[in-house]
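Take a look at this single chain in structure tokens; it is the form predicted on its own.
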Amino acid sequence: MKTFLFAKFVAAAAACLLTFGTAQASGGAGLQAANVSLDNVASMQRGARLFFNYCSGCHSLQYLRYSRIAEDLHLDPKDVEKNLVFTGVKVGEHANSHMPPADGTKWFGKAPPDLSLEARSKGSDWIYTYLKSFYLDPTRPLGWNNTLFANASMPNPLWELQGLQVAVPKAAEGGHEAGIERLDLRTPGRQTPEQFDQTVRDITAFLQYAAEPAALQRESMGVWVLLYLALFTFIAYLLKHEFWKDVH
């Protein structure tokens, strides 16, 4: 019995450490909480539409097929081909951008990266914060900068929705620049700040899904796996109790 309780304690401790490590890896100083969930299919559907309308002109999802998006997000393949495929390929093809890498390098200084694994690489909070952190900067070639990823070779793709932000510097100390205190919205966009937060959250949710589409099935199966393990543990305990009942 002591051995069984000790094993349960070790398993619980390992689960706590794993959860803590995951939280540490996905978090970070200055990041805003995205609060996305793979259970919110409607959010991922909206995020797919937003991604392909505002992001796919430059960025690919080379490990994801349009047909897989349709299946996982409960979309009609015909609607996906009509409304999300802008490169002329079939719905069974991968979601690649139609921008040639050479043109991306010419226009932005480097080819825009593929975003298939962006959420696994940087975390959903990073993506959410990054998309909200663009501001006007006339010193940059494209006129934009970003407080999270300084000097990024990328304009703000969502400026029409968000509006135009400007940086408010911190008070200088000793003649040296003290960085940026905050971003102020100079010109409102087509959405309110609350609506834009939801827009960015939807895009982040879709990229979280795109980074590991199998997570949808894995998480749904996880409950049944845990229930099976709990039932097996209970049966094993009863068997042990029966086998050892005459041992003193």
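Here the structure is a predicted model, which means the values were calculated and not measured. Residue indices: 1-based, along the sequence shown.
FYI, the form predicted in complex with a small molecule isn't displayed, but the following is about it.
Contact here is defined as any heavy atom lying within 4.5 Å of the small molecule in the model of the complex, and by that definition each of 126, 157 and 203 is a contact residue.
Interface residue among 55, 36, 211, 69 relative to the small molecule in the model of the complex, by the heavy atom within 4.5 Å criterion: 55. Among 82, 74, 110, 90, the residue placing a heavy atom within 4.5 Å of the small molecule in the model of the complex is 110.
When contacts are judged by a 4.5 Å heavy atom cut-off, residue 136 does not count as touching the small molecule in the model of the complex.
Using a 4.5 Å cutoff between non-hydrogen atoms, residue 94 does not count as a contact of the small molecule in the model of the complex.
Though the partner is left out of this view, residue 147 does not reach within 4.5 Å of the small molecule in the model of the complex, counting heavy atoms only. Mapping the unseen interface onto this chain, residue 120 falls outside it, with no heavy atom inside 4.5 Å of the small molecule in the model of the complex.
Partner contacts here mean any heavy atom within 4.5 Å of the small molecule in the model of the complex, and among 36-44, 183-191, 203-211, 60-68 they occur only in 203-211.
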